[in-house]
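Shown here is one chain on its own, the form predicted alone, set out as structure tokens.
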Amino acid sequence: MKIAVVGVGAIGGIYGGLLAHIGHDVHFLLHSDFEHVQRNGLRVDSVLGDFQLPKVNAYQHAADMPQCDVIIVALKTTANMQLAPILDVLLKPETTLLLLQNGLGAEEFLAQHYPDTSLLSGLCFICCSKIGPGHILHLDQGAIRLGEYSPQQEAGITPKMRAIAELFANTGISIHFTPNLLQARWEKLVWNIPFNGLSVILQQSTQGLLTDRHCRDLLVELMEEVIEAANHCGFTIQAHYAHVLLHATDKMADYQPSMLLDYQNKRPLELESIYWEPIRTAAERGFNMSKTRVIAQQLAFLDQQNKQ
């Protein structure tokens, strides 16, 4: 089985690297790191055990890659408009697409362009970052919550999901199935919306936010608003889920959320998928995510300033 990894940042690097490390046939599509990885391979410093892949299947152009059985899309959602020419080359009729992306809307976008392709998403609960060319640091966590996209929301536990879980057997990564992918996406937003946004606005890591009582109160308020929005959209998330996530983050290694790293490296922020799409979706159901909108507006200003 051939596996393509499109987007070899922290997420693509750690999960694709682990799959290659246990012997799978993995093909990496790289951009800025291509020459370095082609010469030196991929290095992963991980809580699961450090390893070096001295030789990997590295490509700079999708046209040079083989068609693959599984395509892992680990690009930021800000780059999804660039996906079609890549996928057109790599897809076979029986290919499975696996999105490892945050926010809402990515599945609908791809389903419009590839309606006959199996489309799965993995929500990654992991603390990792790219700290140099071809060099990934994995600090904590790593589990993937896996679901299959269905326009009817409830896809159940499918054979394709079990096949992807089998790929990750022996990597040290646990796979948890969710029968309702959109419900799981809203649950992930309960963490992503407050922690990503406040980390950028306040320039703080997770522990910096958690240890200040004012920031902690604000985290809770934002989490509770996301939960209320999700419930208005027809999903069921209990109010205490905010405190479950908060206490879980207390136990994690101190971590700079991905949006803070994007901001520091002057990359576009994933505002559309993590903020504006949930805000619009909730508004269509009659709920105003007013606190989230304030965060999104501040991030939009900072993102614009950063681009200049």
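The numbering used is simple: start at 1 and walk along the sequence shown. These figures come from a predicted structure and were not determined experimentally.
Heads up, the form predicted in complex with a further copy of the same chain isn't pictured, but that's what we're talking about next.
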note = Answer key, a further copy of the same chain contact in the predicted bound form at 4.5 Å (heavy atoms) among Ile201, Cys233, Leu139, Val89: the residue is Ile201
inquiry  = Just to confirm, with a 4.5 Å cut-off on non-hydrogen atoms, which of Phe34, Phe51, Tyr241, Trp276 contacts a further copy of the same chain in the predicted bound form?
reply    = Trp276
Within 4.5 Å of a further copy of the same chain in the predicted bound form, all of Val6, Glu94 and Leu97 (non-hydrogen atom) = no
query = With a 4.5 Å heavy atom cut-off, would you call His24 a contact of a further copy of the same chain in the predicted bound form?
reply = no
ask   = Might Ala111 be said to contact a further copy of the same chain in the predicted bound form, defining contact as any heavy atom within 4.5 Å?
value = no
inquiry  = Can you work out whether Glu224 and a further copy of the same chain are in contact in the predicted bound form, taking contact to mean some heavy atom pair no more than 4.5 Å apart?
reply    = no
ask   = Might Arg162 be said to contact a further copy of the same chain in the predicted bound form, defining contact as any heavy atom within 4.5 Å?
value = no
request  = Name the stretch: of 112-120, 149-157, 201-209, 169-177, exactly one has residues whose heavy atoms fall within 4.5 Å of a further copy of the same chain in the predicted bound form.
outcome  = 201-209
ask   = Mind listing which residues of 286-301 have a heavy atom within 4.5 Å of a further copy of the same chain in the predicted bound form?
value = Ser290, Lys291, Arg293, Val294, Ile295, Gln297, Gln298, Ala300, Phe301
